[in-house]
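Below, in structure tokens: the form predicted on its own, a single chain.
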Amino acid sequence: MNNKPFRHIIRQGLTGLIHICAHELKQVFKDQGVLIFFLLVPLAYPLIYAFIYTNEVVRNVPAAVVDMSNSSQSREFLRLVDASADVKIQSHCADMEEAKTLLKESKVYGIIYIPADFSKNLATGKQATISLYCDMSGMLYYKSLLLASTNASLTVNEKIQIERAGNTTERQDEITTAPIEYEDISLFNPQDGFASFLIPAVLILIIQQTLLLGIGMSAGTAREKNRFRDLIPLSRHYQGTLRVVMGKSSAYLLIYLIVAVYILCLVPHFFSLVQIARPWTLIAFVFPYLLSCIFFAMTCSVFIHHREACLMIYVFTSVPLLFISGISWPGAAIPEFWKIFSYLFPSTFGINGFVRINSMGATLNEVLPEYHALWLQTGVYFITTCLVYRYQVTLSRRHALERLHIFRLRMLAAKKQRKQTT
């Protein structure tokens, strides 16, 4: 006897949850704007980013040369630079003004300046200097020019050391030029590729940002369609806060489980990016990340009152979030305030954990701080979502009661007026 009301409440709650989930899915596929952020952007953006950086490294960066020495040593140095895969000497200029003009017109991305006393200093045993000017609008241009020039200078230095050493055997020459042998290996990114370094972080960030934009736009649409600008409609299915939160989040989770498989598994496979993650480790890590992003987006969506507002609020945050995550900019160099501020966003822990799992083969035990942080964010943002949605449900009821009260007053006034006329 006592279990019947309890079973009825559970059945009613599940019915409402399923109704809200189905209604939210229906609204997503009916709204073109939300559909763009939930499907088109996650499908297209990873392909665009990966396709742009598919070559991994920049080759044959055009450079200008101002050789004021015009000696055999300077020409040998320039031949070594031009022979590298990174730089292509495109123009030999008479002076720096001509080279600067080419740099301003983006015909070259760097200038190699060899002073007139270059050969003389080498002959007299003095230190010679070569100046390198780079277009810093692209860091990869600077990297290519610097590496090519550095390798060329090291090669020239070795030849000069051998000539001045006066050794009698090749083995002595080897010891003179390289007393300590070293081998330079880039761990987890042996080709020094930009795509292998940055794309995994961008893929994780796309999930968070598209959820913020899609859920925000959906919330703005719901308010615009409501007479009182309420987020929650007045319906018997929307009476419980928990069923509203769970119903909406279930709809978003169903969509993004598929989206996450495409973004995090298929896109890296298409472009042959580094993928050494263990499947179950990746699944266990991505699941709390999706939940934390969904509840974070749902909490933030209550501040969106118009469809277009989420574009102005969230789009510009993508680049700063990528920087403060500690991937594109060293985490040790980030000020303490911004490091703590970054902990508010699931992308910070998601990016660091995913990069270690996917690109470095880390196990779940090796990313436990990020994993626990994501579950903590899931719990915190679930509570904040319930609180703000509880307020929205209460607000919706209050507006309904006010509307009912006004209707009753109008009915009484109309009834009183009819009595007076009779």
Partner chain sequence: MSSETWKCLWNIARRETYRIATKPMYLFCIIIAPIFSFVFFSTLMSKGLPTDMPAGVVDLDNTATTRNIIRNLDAFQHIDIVTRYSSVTEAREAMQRGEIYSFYYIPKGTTEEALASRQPKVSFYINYSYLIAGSLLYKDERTMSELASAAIGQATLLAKGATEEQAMAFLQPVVIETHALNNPWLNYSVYLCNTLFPGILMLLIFLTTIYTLGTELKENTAKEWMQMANNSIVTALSGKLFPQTIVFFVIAVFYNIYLYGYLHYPCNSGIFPMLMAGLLLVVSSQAFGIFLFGLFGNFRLALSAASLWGVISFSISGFTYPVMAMHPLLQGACVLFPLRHYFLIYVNQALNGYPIIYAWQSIVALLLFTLLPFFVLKKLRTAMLHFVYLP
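C-alpha atoms forming the largest set that superposes within 1.5 Å between two forms make up the rigid core. Computed from a predicted structure; not experimentally measured. Positions refer to the first chain, counted from 1.
There is another form of the same protein, the form predicted in complex with its partner chain; it is not shown, and what comes next is about it.
The partner is not drawn, yet in the predicted complex one stretch among 322-330, 264-272, 240-248, 282-290 has residues with heavy atoms inside 4.5 Å of its partner chain: 322-330.
Distance criterion of 4.5 Å from any heavy atom to its partner chain in the predicted complex singles out S359 from the list Q392, S359, T378, S69.
Between its partner chain and the residues C134, A260, V302, A222, the one pair within 4.5 Å by heavy atoms in the predicted complex involves C134.
Its partner chain in the predicted complex is approached by M217, whose closest heavy atom lies within 4.5 angstroms of it. Its partner chain in the predicted complex is approached by V61, whose closest heavy atom lies within 4.5 angstroms of it.
Using a 4.5 Å cutoff between non-hydrogen atoms, C93 does not count as a contact of its partner chain in the predicted complex. V355 belongs to the set of residues with a heavy atom inside 4.5 Å of its partner chain in the predicted complex. Along 49-80, residues Y49, F51, I52, Y53, N55, E56, V57, V58, R59, N60, V61, P62, F77 each place a heavy atom within 4.5 Å of its partner chain in the predicted complex.
Once both forms are fitted on their core, the CA shift for G361 between the shown form and the other one remains under 2 Å. Relative to the superposed core, F118 undergoes a Cα shift of 2 Å or more between the shown form and the other one.
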